[in-house]
Structures are given as structure tokens and as C-alpha cells.
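As C-alpha cells, one chain now follows by itself in the form predicted alone.
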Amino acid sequence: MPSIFTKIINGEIPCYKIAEDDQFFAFLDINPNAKGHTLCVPKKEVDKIMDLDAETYMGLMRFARKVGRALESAVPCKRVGMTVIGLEVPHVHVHLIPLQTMANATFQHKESFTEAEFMAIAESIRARL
């Protein structure tokens, strides 16, 4: 059964898309730790990051770096944190989180935004890619 991320990539579930190429996809987290919290995923559905082949792993890191630099430019923050946890969805994903404090990285503090705000955030990041 396809993961929720595969369904997003395939357009079966809507998202606030940030970037896409032939191997990777980035979109805003709809339950964000902070404004601009973005997920970067390989299009190939693999459960654990250490199970990615070396080329896909390095490609994901390059893609996440590109998205992270645009994110840092679009959303004022002290830095963009990166984490790979992946217990909640069995599909490798890199969290890019604009950090003001360490609380933004704990996954215990969540923010909410309207659809219009999500769309504006996504457009701002895309414009900097």
C-alpha cells in the first residue's frame, strides 16, 4: 500500500509543493513545528534512510540543501535545522525546520496556518529556488 507521501507525490492528496525533480519532492509540513517547515522525500518509496542506495542518499541531501537554502532566505530564522526521524510515515523524509529556538526542533511545539498563509509561504520559498 502506498505511503501518504507517495500519494502526495502522485497528486492523490493535495500539498503545498515547494520543489520537484525527477527523483525528489519537497512540500510544506501541514503540522509544522515552525513557519516554513518543509519535508523533502525521494519519489522512490523506501522506509529507512539507511536503506537508500548511496546515490539516492547523496541526491536527497543535495536536494534538501538546495531547498533549505531557499527556505532560509524566505523565512527569517537563526538557522534551518535538519532532522531525519521517520517513525510516523514509512517513507524516508528529511525535515527542514526554520529555527528560532530549540523548541522548534522538538516536535512538541506546533504552529497552525490558514490555507492562504501556507500558499504564501510555499510561494515565497519557491521564488528563491
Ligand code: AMP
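Fair warning: this is a prediction, and the values are worked out from it, not measured in the lab. Residue numbers run from 1 along the displayed sequence.
From this point on, the text means the form predicted in complex with the named molecule, which you will not see here.
Proximity to the named molecule in the predicted bound form, defined as a heavy atom within 4.5 Å, holds among 46, 61, 30, 82 only for 30. Residue 35 falls outside the set of residues with a heavy atom inside 4.5 Å of the named molecule in the predicted bound form. Although the partner is absent here, residue 4 lies within 4.5 Å of the named molecule in the predicted bound form, judged by heavy atoms. Contact between residue 51 and the named molecule in the predicted bound form is not found at the 4.5 Å heavy atom cutoff.
The named molecule in the predicted bound form comes within 4.5 Å of no heavy atom belonging to residue 75. Across the options 67-75, 98-106, 83-91, 51-59, residues that bring heavy atoms within 4.5 Å of the named molecule in the predicted bound form belong to 83-91.
In the predicted bound form, no residue of 111-125 lies within 4.5 Å of the named molecule by any heavy atom.
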